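A lone chain, given as structure tokens: the form predicted on its own.
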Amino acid sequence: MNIVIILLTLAMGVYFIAIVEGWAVHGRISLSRPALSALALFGRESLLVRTPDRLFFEAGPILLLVVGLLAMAVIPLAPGLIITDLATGALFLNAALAYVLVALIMAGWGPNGGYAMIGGWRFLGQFIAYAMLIVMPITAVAMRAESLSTTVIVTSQAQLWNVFYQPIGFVLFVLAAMALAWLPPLDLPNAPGDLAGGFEAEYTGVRLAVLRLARMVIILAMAGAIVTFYLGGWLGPWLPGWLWSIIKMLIVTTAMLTTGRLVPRVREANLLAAGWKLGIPLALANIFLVGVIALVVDI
């Protein structure tokens, strides 16, 4: 039953993401546009490039979708409403997200095209820079909860949400989440301005539909991780816990999809420099501060 409820929530969340993204791009809200766009993709011919690496070309989008579903499996919507409550759920989430890199390199290599390959390898370069900005904030969150279980991490925020306890970690994790889902202004792997679609340029029809669906699942999984680690998960007054989780996830998703479009795209060199020279030192400082506060104050 939990799996059915979470999958229905995931389906509604993906549709909501498609609506919000359409609004952010086109400036108007259309409830029917996502369905019509999906039907158009499924009705379009799936073209195959002349000399592809067929295994990578076909497996890349599917692997990306599997990664998103695995990440969602350890996100709790309410007490007991989770697909699998692992004792090492936060570690599992980080391990699953590492395969986003593998999927995008496969999708970039498979078409055997210049723009696609540059997009895949560009994602590799930036992922190395900000991967630590995912795992190190998770480390600080786990330090406070004294557990890697995502449900325990939520309950540890009963007195104070981690967004107030660890604001540095929150900012770093949100930025890393946006980069992981290649959202503007960190959409370097498929930057339309200079790569003409990047790694997804050669995908059409059903393959492109699967790739875009996988990206939306990744976005929703990252929003769920932000809510779980920093915004108290299901905790909140009056409303049922599962409803609080959904409301928070939708707010975070909307913010991720809209705010980044208000600033220019970040150059690849600047992103790498910021990740190595600024992001990692701040993440280390966040771990140190969380450790000191945990020794001094019991919250």
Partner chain sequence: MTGSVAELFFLAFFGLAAIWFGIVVFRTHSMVRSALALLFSQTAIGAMFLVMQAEFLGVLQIMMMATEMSVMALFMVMFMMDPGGMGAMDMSHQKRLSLRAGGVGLLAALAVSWLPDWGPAAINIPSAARQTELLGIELLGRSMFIFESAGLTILTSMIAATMVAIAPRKSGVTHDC
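Numbering follows the first chain given and starts at 1. Please read these numbers as outputs of a predicted model, since none were measured by experiment.
The protein also exists as the form predicted together with its partner chain; that form is not presented, and the subsequent description refers to it.
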Report whether all of Ile17, Val66 and Trp244 sit within 4.5 Å of its partner chain in the predicted complex, measuring from non-hydrogen atoms.
no
Considering its partner chain in the predicted complex, which of Leu101, Ala73, Leu81, Val171 comes within 4.5 Å of it through any heavy atom?
Leu101
Select from the listed residues Leu183, Leu148, Ala129, Met136 the one whose heavy atoms reach within 4.5 Å of its partner chain in the predicted complex.
Leu148
Although its partner chain is absent from this view, report whether Phe92 comes within 4.5 Å of it in the predicted complex, heavy atoms only.
yes
Does at least one non-hydrogen atom of Thr155 fall within 4.5 angstroms of its partner chain in the predicted complex?
no
Is the gap between Ala87 and its partner chain in the predicted complex 4.5 Å or less for some heavy atom pair?
yes
Check whether Ala140 has any heavy atom within 4.5 Å of a heavy atom of its partner chain in the predicted complex, and answer yes or no.
no
Which of 156-164, 175-183, 221-229, 92-100 lines the interface with its partner chain in the predicted complex (heavy atom within 4.5 Å)
92-100
